[in-house]
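Have a look below at one chain only, the form predicted alone, in C-alpha cells format.
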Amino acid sequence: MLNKPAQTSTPVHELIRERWSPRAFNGKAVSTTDLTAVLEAARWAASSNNGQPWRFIVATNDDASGHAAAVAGFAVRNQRWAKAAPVLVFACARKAFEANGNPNAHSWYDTGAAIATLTIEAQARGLRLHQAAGIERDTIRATYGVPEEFDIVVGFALGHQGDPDSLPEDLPGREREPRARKPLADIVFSGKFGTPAKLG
C-alpha cells in the first residue's frame, strides 16, 4: 500500500499525518458497521446554532444500478477512478436554518466540518476517502430529487486503498506525487493580515 505521510513542521496526530486522498480503490466492500460509524461521526460535527445543514446521499456497489447512477454524478475525469470505489457519497448543505428560515451563511463551512470529522473516523478504521469538487450538480439533483433549498457541495469516494497501477492514463503518476502544503508563515498571521505569526 502506498503511504505518503505528511512532512509536518511539528508533530501532529498520526491520523492527520497519515491521511491523504488516494484515487486507487480495490473495490472491497465497506462493512455496514464502518459505513454507519463514519456517517455517525459526521452527525456529531459542530455547526452554527446546531443547524446541522448537511445531508448525505450514499450509494454502495452492492446495488450495481445505484452505484452506476452515482458514478454518473461525477465529472467524466473523476469517473475514471470513482467507479472503483465501493461507496460513493454526495454531500448537500441546507441553505437556510430549519428553525427560522433565515439564510445560513455557514452551511458550506459546517458541511465541510462534518466531512472533516467523517474523514478522520474513516482513517481510524483503515478506510480512505477522496473528495471531488468535479461533480455534475444538475445530474445529481435530477437523479436524486435534491430539493432546491439544498446546495450540492461535493462528492467523495470511500473504500480500501488500491494499487496505483490499477488507475488509467496519467493517474498512477499523480497518485505517487509527493504531498505538499504552504508553510505556516503563508497562512497564519498576527497583528495584520499577511504578517506571519511568530509561533514557537
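Just count from 1 along the sequence shown to find any residue number. Just so you know, these numbers come straight off a predicted model, no measurement behind them.
Not on display, but discussed next: the form predicted in complex with a small molecule.
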Answer key: of P147, G134, P172, G66, within 4.5 Å of the small molecule in the predicted bound form (heavy atoms) is G134
Look at the stretches 99-107, 86-94, 71-79, 120-128 and give the one with heavy atoms within 4.5 Å of the small molecule in the predicted bound form. 71-79
Examine L39 and determine whether its closest non-hydrogen atom to the small molecule in the predicted bound form is within 4.5 angstroms. no
Report yes if any heavy atom of V154 sits within 4.5 Å of a heavy atom of the small molecule in the predicted bound form; otherwise report no. yes
According to a 4.5 angstroms non-hydrogen atom cut-off, is R179 in contact with the small molecule in the predicted bound form? yes
Wondering, does S9 line up within 4.5 Å of the small molecule in the predicted bound form on heavy atoms? no
